[in-house]
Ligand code: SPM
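The data below hold one chain only, encoded as structure tokens and taken in the form predicted alone.
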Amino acid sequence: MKNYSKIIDGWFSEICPMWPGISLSLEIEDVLYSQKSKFQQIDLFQTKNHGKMLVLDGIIQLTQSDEFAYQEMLSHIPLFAHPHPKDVLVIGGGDGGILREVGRHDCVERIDFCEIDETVIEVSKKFLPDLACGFDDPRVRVHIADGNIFVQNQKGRYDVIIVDSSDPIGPGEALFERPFYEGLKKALKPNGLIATQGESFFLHKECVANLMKITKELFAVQAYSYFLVPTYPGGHIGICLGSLGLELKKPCRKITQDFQKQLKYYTPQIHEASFVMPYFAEKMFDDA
């Protein structure tokens, strides 16, 4: 379902059936890019107070003001939960931000990157070089393909798989269904783990509960983490994690001082705290 929002009186408003009755609005100074690709409408705005903003099919993907929270948490929680991740697969995230963060881990030897829409990569390289620098890493191998199909052809290959998906409308819909998660599991090495964009337990209760149910059934260890992103609906978003055996809620590798200085959001303390759920969410997850 496509629901393109328009700029009215200098303001962009994100309006989506996934969060009915709520609109997030940002003041816009300039439209830097606005074209429809083979898969989706791509807009790149210069906002008044939040830097550049990437919007796909009318839905905010990131703003420069707070993108670090999403990129760091979705990357470093699974990577620090693994004792020695060598082979990593990133699905989605054509802006390159997750690649930027994965690349900070020297132990990683290979990063396969799968993105369905090559135009998102091109636009990000032109307008968001502070994120798209992730593509400059020589360990990265780019695959322009449907992530759902790509992962089904992998077996026992990755230590960590990170899924930076859009919302379950349009190109990202299949990435929230059980067959995709079955493919993720088969693509893991022994003791491998996955981390996927897990939506909001306030706004998307049914979606989150379904992800929890799927991962509980498929993985020996399962958990849900959440963190703050002011320019996402509800001001937060979650990560759904599954592991073939490794503990997820505590980092198993020490973060060096030099590594920590590169970050803005993630710390070992935040890693553990992000798994502490509000009471209603605990009950919802127990019932999943």
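Since this is a predicted model, take the numbers as computed values, not measurements. In case it trips you up, residue 1 is the first one in the sequence shown, and so on.
Keep in mind the form predicted together with this ligand is missing from the figure; the text below concerns it.
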Inset, instruction - Could you tell me which one of Ile59, Cys240, Met53, Leu248 places a heavy atom within 4.5 Å of this ligand in the model of the complex? - result: Ile59
Inset, instruction - Identify, from the list Thr196, Ser124, Gln71, Thr215, the residue with a heavy atom within 4.5 Å of this ligand in the model of the complex. - result: Gln71
Inset, instruction - Spell it out for me: taking this ligand in the model of the complex, does every residue among Trp19, His204 and Tyr232 have a heavy atom no farther than 4.5 Å from it? - result: yes
Legend entry - Contact test in the model of the complex: Asp167 vs this ligand, heavy atoms, 4.5 Å: yes
Inset, instruction - Indicate whether this ligand has at least one heavy atom within 4.5 Å of a heavy atom of Asn210 in the model of the complex. - result: no
Legend entry - Any non-hydrogen atom of Asp159 within 4.5 angstroms of this ligand in the model of the complex: no
Inset, instruction - Flag Ser200 as yes or no: does it have a non-hydrogen atom within 4.5 angstroms of any non-hydrogen atom of this ligand in the model of the complex? - result: yes
Inset, instruction - Please determine, with the chain shown alone, which of 24-32, 59-67, 215-223, 259-267 has non-hydrogen atoms within 4.5 Å of this ligand in the model of the complex. - result: 59-67
